[in-house]
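One protein chain, two forms: both are listed below as structure tokens, the first as structure 1 and the second as structure 2.
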Structure 1
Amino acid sequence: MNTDKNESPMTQILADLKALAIGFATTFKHLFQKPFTEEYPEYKRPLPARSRARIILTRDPDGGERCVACYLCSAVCPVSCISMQSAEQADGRRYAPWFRINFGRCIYCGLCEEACPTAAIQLTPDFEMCKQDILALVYEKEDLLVDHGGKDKQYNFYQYAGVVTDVGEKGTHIKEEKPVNIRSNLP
């Protein structure tokens, strides 16, 4: 209807009818095309590694849990589907005694992964996690924790953090000087 004003109404109507005809012809031609659809259970399309689906908790290269229960993922989660409790391990590491993600609520936005300072929480391409019982979608730490480092195999937060854990004493971490000797007057 937005054609030029100088055109006569008849030309306009004809143009409109032509446009309509082209539309109908297009859809009509589609009838005889082979559908594009990939039929899901028979054919599973390989997903890129960075697809956002099921969330995992990874481990650092030494096998320790990466999650330090800093609450950043739960803070950033727009649907509040992550909850946890932090506590201290015997070696001084901060960890989560329990960690829960309600996948019934999760919208797989990946903000938790972005917020995670230790590369612990990561999203994986595995999206097939449909359950009959909605409570079965509430994943506990046991269900989330995996035995590998996910996308980032090397990172170990405690090598940078500078706190005393089994990873190292003060001054033994990456880019750290030996602790200052406060009893010495030497320069």
Structure 2
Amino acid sequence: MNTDKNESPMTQILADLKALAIGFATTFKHLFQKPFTEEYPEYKRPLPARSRARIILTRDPDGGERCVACYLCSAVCPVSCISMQSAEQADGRRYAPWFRINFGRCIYCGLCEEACPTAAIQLTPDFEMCKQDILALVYEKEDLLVDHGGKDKQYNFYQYAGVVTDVGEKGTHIKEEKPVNIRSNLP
């Protein structure tokens, strides 16, 4: 209610009634409109391309696992829902023998995807993950690993990393210079 001393009580009552009538008119206008309802299981609204939901582990173009178990994803996770163990194969490639994500704790922030140097972790728009048992939301490596490269299908970490593996020796990787013989630099 306006407390202006120059305004008469009758003017104030008319202003209040006008505001009340505008509110009722808005309600009355929407009273006869047909409601807009989306039938969810039958119709699924298209999500934006950058939607963040279910996490997957991708493979490189050669079919090998991209994850090198560097622990960056578990270190950057604000709710500590990612855990893994690292190991090394005979050819020098690092991998994760087990990788676990607890989707019951995950907040789908996407920090793990940004921190991953190998593009192994990627978030997909798949958001339908309801379970009766909360332990069913703990996904193991076998549940997360897919048979494609995800968003960047041609990227292979070991072709750029400069690590000696079956992909190549030092100095033979993409955009890598030949190693320098430090003895040639001595006076």
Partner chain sequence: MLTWIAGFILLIVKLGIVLGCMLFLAAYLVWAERKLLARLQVRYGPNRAGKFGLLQPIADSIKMITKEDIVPEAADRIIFLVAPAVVATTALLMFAVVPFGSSLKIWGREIPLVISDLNVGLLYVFALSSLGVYGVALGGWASNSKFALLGGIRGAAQMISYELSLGLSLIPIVMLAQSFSLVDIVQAQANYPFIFVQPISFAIFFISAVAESKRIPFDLPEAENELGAGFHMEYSGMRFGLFFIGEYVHIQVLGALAAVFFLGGWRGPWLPPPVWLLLKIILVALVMIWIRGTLPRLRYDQLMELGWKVLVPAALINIVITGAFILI
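Each residue is numbered by where it sits in the sequence of structure 1, with counting from 1. Between two forms, the rigid core is the largest collection of C-alphas that superpose within 1.5 Å. Not measured: the values here are computed from a predicted model.
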Would you indicate whether the form predicted on its own is structure 1 or structure 2?
2
Against the rigid core, is the Cα displacement of Gln132 between structures 1 and 2 at least 2 Å?
no
Asp62: CA shift of at least 2 Å between structures 1 and 2 after core fit?
no
Aligning on the core only, does the CA of Glu39 end up 2 angstroms or more away between structures 1 and 2?
yes
Rigid core superposed, I'd like the Cα shift of Ile13 between structures 1 and 2 in Å.
7.5
May I ask for the C-alpha shift of Ala25 between structures 1 and 2, in Å, based on superposition of the rigid core?
3.7
